[in-house]
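In structure tokens, one chain follows: the form predicted on its own.
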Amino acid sequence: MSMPMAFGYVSPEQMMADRADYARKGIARGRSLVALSTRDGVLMCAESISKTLRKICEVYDRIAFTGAGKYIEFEQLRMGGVRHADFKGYYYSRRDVDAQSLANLYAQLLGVSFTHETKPMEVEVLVTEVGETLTEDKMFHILYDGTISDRQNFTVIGGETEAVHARMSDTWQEDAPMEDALRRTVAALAGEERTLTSQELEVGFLDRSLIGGRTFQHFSKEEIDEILNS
């Protein structure tokens, strides 16, 4: 005689679907972030009302990290990536530290968390690297379950991803200067019914002209205002 199914049994497929739904809802409650290649480097712009908590950070000389979702969780990932990059750069060469190896690290960490932890991490992250030319720029998008994808031109994470992506598709121009790209990106984040000011924005930039040293810049509110109003 076959045994009755245990009370409360949940199939592995349903469990994974529930975890994915939980993580997606957590990420969607945040605000959107856009990263894109420009003529002058890789631009990252996020809607953010915090004066101290940053979504856009430097990881290494040519590499930046951006996150969407639960701040404390993507901050833990960022710190782990910084330690990994410093260790590799010290024991080997600074040129050996690249966005792809960091993206693989984040994918592994998120994949393990999604599969084995009681609660999946409510984050998705983006690792960007500026190249000597626009075609050499790299953007790796890593989802909450460890899925990794290589993006071209621009990408959107967090918040109203589909709506912002559609507006970016209408306005993105290849080889646009950084200042023009920032104005277009802010318009895409805001949509038609809102206007975003510098107080509601966070902007980071990997400057192509500074390759050979540290390329990352975090713009002040005054610098953002100057660009948006020019």
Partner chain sequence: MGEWPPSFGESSLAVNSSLAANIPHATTVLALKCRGGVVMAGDRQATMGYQIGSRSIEKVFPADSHAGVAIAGAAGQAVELVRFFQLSIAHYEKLEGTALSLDGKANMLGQLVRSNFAQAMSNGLFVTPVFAGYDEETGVGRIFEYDLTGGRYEENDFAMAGSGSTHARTAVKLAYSVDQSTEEAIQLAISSLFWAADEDVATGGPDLVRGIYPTVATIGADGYEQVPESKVMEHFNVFMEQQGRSALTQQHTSGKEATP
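Source: prediction; values computed, not measured. Residue numbers count along the first chain shown, from 1.
Heads up, the form predicted in complex with its partner chain isn't pictured, but that's what we're talking about next.
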Report task. Choose from 76 to 84, 117 to 125, 139 to 147, 98 to 106 the stretch whose residues reach within 4.5 Å of its partner chain in the predicted complex, heavy atoms counted. Result -> 76 to 84
Requested in this report: Please run the contact check for residue 205 against its partner chain in the predicted complex: heavy atoms, 4.5 angstroms, yes or no?
Outcome: no
Requested in this report: Considering only heavy atoms, tell me if residue 164 and its partner chain come within 4.5 Å of each other in the predicted complex.
Outcome: no
Query raised in the report: Contact between residue 59 and its partner chain in the predicted complex at 4.5 Å, heavy atoms?
Result: yes
Query raised in the report: Is residue 89 close enough to its partner chain in the predicted complex to count, meaning some heavy atom within 4.5 Å?
Result: yes
Query raised in the report: Since exactly one of 31, 39, 54, 183 fits, which has a heavy atom within 4.5 Å of its partner chain in the predicted complex?
Result: 54
Requested in this report: Could you list the residues in 15 to 44 that come within 4.5 Å of its partner chain in the predicted complex, counting only heavy atoms and keeping sequence order?
Outcome: none
